[in-house]
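One chain is shown next in structure tokens, namely the form predicted alone.
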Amino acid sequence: MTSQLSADYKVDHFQKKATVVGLVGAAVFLFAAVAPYIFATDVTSAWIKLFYLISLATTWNLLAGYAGMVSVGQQAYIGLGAYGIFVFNDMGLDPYSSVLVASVAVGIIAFPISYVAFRLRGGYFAIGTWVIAEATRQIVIRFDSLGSGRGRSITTYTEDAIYRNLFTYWVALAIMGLAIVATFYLLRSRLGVALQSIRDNEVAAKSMGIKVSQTKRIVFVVAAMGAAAAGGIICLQGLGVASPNTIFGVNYSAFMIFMVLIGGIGTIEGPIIGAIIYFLMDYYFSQMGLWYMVVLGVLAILIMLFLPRGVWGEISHRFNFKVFPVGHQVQPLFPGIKLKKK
């Protein structure tokens, strides 16, 4: 029976489409890389925020949309990434290299934290991650070298605003590209299949031999590293200044959840669309003050009521279309020939 099935059917991993997506993505990335030489500085400076928003939404979606771990404490790693710049800059690294080194360091820190967080499930996990974030903030403000509760700034930062914006732009672009590419290829791997199995039914996944804790821990660390890198960009864009009450604020997790839900959780395209929607609203309507938050809340409610899968989720569901091909499809070897049933 198995041999007959393998002889009559093939598994399509969408390799050709993945190659096309890779080529198109590379072209878009190259265009974005030279954009500072085409557009005005205020335009590319605004794009820096879009880049780190996409990075945050993508990594949070990997954590919640594919691994089923809803965290409201990613601000812990955003803050550690920002403060990590100060630590490694004091050691002699330039601020831009410090972003990447701090991201790796935060990943190492997130590994033992996962053993604490994974003792919790469901809503308790969400609350637990928030508690971990608050505990992290309390630890950071105990160090005088990090400015205590006052915050601090980078000691060695280029005075030229044009070069500072340019380097920050390129680092933010690289981190966003790495977050999307890593997510794409991770979901196309065996680990991606295991993740979706865990999300759908953790008990069943474990019974099938999937190493649930190990798989979730990998995603937990990757998401922490992505948040830390984005936190470093937030610090650089803020002229190298970070305040613990701001950078460890729970509003970052709220914005991540908002972007992923309105775009479409459990898809690669959804967080990107959600980040673009939030970026445009923030760019044009943030001057409304408190009413701006009301508008965001109303928009989220309307989308949840009328587009429960999110903007991209509904488009993908209705038209059966995906930009990023993940997963696989079983197809007959000879589509035009009706196979005999045995």
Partner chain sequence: MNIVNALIQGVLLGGLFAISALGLSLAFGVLKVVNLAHGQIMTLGAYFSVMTLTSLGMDVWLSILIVVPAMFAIGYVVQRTMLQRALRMGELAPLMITFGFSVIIPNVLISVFTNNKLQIPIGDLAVASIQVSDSISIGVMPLLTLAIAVILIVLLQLFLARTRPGRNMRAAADDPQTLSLMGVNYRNVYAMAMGLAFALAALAGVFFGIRQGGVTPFDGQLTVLFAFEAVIIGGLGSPWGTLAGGIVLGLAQTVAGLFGPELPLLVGNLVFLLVLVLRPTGIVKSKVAS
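Keep in mind that this is a model prediction, so the values were computed, not measured. Residue numbers count along the first chain shown, from 1. By rigid core we mean the largest C-alpha set that fits within 1.5 Å across both forms.
The form predicted together with its partner chain is left out here; the points below concern that form.
The stretch in contact with its partner chain in the predicted bound form, judged by heavy atoms within 4.5 Å, is 283 to 291, chosen from 26 to 34, 283 to 291, 311 to 319, 50 to 58. Proximity of Tyr96, Gly149 and Ile234 to its partner chain in the predicted bound form is absent: no residue of the three has a non-hydrogen atom within 4.5 angstroms. Its partner chain is not drawn, but in the predicted bound form it has a heavy atom within 4.5 Å of Glu134. Among heavy atoms of Val70, some come within 4.5 Å of its partner chain in the predicted bound form. Though the partner is left out of this view, Thr168 does not reach within 4.5 Å of its partner chain in the predicted bound form, counting heavy atoms only.
With a 4.5 Å cutoff on heavy atoms, Ile257 counts as touching its partner chain in the predicted bound form. Among Ile265, Val222, Leu173, Ala110, the residue placing a heavy atom within 4.5 Å of its partner chain in the predicted bound form is Ile265. Interface residue among Val181, Val101, Val250, Ile154, judged by heavy atoms within 4.5 Å of its partner chain in the predicted bound form: Val250. Within 4.5 angstroms of its partner chain in the predicted bound form, the stretch 286 to 320 places a non-hydrogen atom from each of Leu290, Trp291, Met293, Val294, Gly297, Val298, Ile301, Met304, Leu305, Phe306, Pro308, taken in sequence order. Relative to the superposed core, Met293 undergoes a C-alpha shift of no less than 2 Å between the shown form and the other one.
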